[in-house]
Structures are given as C-alpha cells and as structure tokens.
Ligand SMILES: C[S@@+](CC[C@H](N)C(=O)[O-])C[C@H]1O[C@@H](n2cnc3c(N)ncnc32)[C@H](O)[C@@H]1O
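Below you'll find only one chain, the form predicted alone, shown as structure tokens.
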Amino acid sequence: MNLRTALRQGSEILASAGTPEPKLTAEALLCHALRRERSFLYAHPEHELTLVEWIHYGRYLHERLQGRPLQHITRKQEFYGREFEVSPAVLIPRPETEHVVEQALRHAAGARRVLDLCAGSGNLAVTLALELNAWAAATDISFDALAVARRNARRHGARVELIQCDLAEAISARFDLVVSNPPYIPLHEIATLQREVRDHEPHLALAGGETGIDYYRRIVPEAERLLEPGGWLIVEIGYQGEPAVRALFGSCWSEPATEYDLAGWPRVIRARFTP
C-alpha cells in the first residue's frame, strides 16, 4: 500500500467513527508510523509502506478509534512554537494556555525569576524561561509529571528548577512573576468531558473541587507570600469560575483584569501585587 492510499483509507476510517479532523489526524499518525515529516507524505505519495510501517499505522489508527488522544500516541504537542513531550501523566498543553504566556510577555517582560505552580509538562515554565531569558522554578505534586517536565527543560535548554510539592509548600524564595494553569473543572462536570480527556488525561490535573476554584483559593495567598512588590500573578481559569476567582484578590492587588480567548470565553486573570 502506498502513502496516498494509506492516507485516504485512514481518513475515511476516522471520519466514519466521528473522529474530529480525520484527515489531519491520519496525516499525523502516518507521519508517526514512518518517522517522517508531513511534507514527505505529499512529496512521495507513491512510497510503499513497509510491513513494519503498516503495522504501526494500523495500531495507531486503532488506538485513536478507541479514544486515545492523538498526543498520547505521538507523545508530543506543540506549544508556543516549540514541541513538548507529553504522556498520560500530564495535561496536554492547549492553545488557550498560550494566553498566559502572552500576558506575561506584555505585562511582566522584565521578570527574571518565575514560578510556575502545577507545572505538568513544564510548557509554561520552559516557555517563559526562554522567552523572558529568566530563571524559573516549577512545582507539581506528581513525580511522573516532573519527569516529563525535566526532559522538556533539558530538550529546550531552559533554566528551570523542578520541585515536587503541593503548590508552593516547599517554596520560600521571592519571584517577579507567578503563573499557573491549575485544575479548574468542577467535580460534577468531569463525567461530561470528552472521553479523550475524561478517560485518558490525569484527573489530578483536571478536578478543581466542587466549584472549580479550590486551587485559586490557595494560589492567591501563596502569591502574596512569594511575589516581590510589583510582581504579577497570571492564572488560567475556567469560564465558569471567573467572578469567584476575581473576588479572591484583595486590597494588596491592583490592576486585576480578565483576558478572553478567541472564542470569547474568560481565559486568564492577571493582577499586580502592590502591598
């Protein structure tokens, strides 16, 4: 079977099962099976798959049809123009989280010490360390998640120190910028999530308590303890939690603001620590 036929058949199989973006998914799986870039598929459509390539492609298609996320099959996801390793131990980086980076670069461009709470794959810590030419500390309660973050930091040459702890319990240093993409899905909504998320991504990185704001109730006071005067706290939020999260910022905070994503949902809250 050649690449043109394999791509067409894979797309049709995925489409018939209702898989989102079937052609792009088939392309990604076929590239992964061949260990080639996407351009190879269209430059060499007559390339005949070897038996090993065909077996791998078929297995990847089957796994995707069973609901396994594409990123768990390929073990990678792009974030802010860089490729990050992912695994079932970490939340798959979403494009919406890039709004945290954009807000940091806009409002805290001079930050030289950055703290990332709930680091997961390390996508925020690594990106900000590189974009700001800063030193970053990143915490996560999961040792397996930190192992992924460590490999990503090394891969990109980022100055990131990784600490296993619950939020900032083990941290006493001061920072110019604190960021976080904490769990923010209300418990009653977990069962309604897409099966790719519900069944394959770590619930530890998803569940934010009964109302989805449990972590923010801890993050805001922790940021007051850890930020230098004039420093910024920038957090990703769920759309349903925006009013309650904003209400957590007291008189020692100024310039609190909500940023919206491309779909018009509240996505990021930023505030400046001015005690």
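Residues carry their position along the shown sequence, with the first being 1. Predicted model, so just to flag it, every value in this text is computed and none were measured.
Below, we refer to the form predicted together with the ligand, which is not included among the displayed structures.
In summary, among the residues I171, L162, L91, A134, the only one with a non-hydrogen atom within 4.5 Å of the ligand in the model of the complex is L91. Only one of L105, I190, L167, A147 comes within 4.5 Å of the ligand in the model of the complex through a heavy atom, and that residue is L167. Although the partner is absent here, Q71 lies well away from the ligand in the model of the complex, with no heavy atom inside 4.5 Å.
When contacts are judged by a 4.5 Å heavy atom cut-off, N181 counts as touching the ligand in the model of the complex. Within 4.5 Å of any heavy atom of the ligand in the model of the complex lies no heavy atom of F249.
Under a 4.5 angstroms non-hydrogen atom cutoff, the ligand in the model of the complex has I141 among its neighbouring residues. The stretch that touches the ligand in the model of the complex, counting heavy atoms within 4.5 Å, is 212 to 220, out of 59 to 67, 39 to 47, 237 to 245, 212 to 220. If you check the ligand in the model of the complex, you find no heavy atom from any of L177, A257 and A271 within 4.5 Å.
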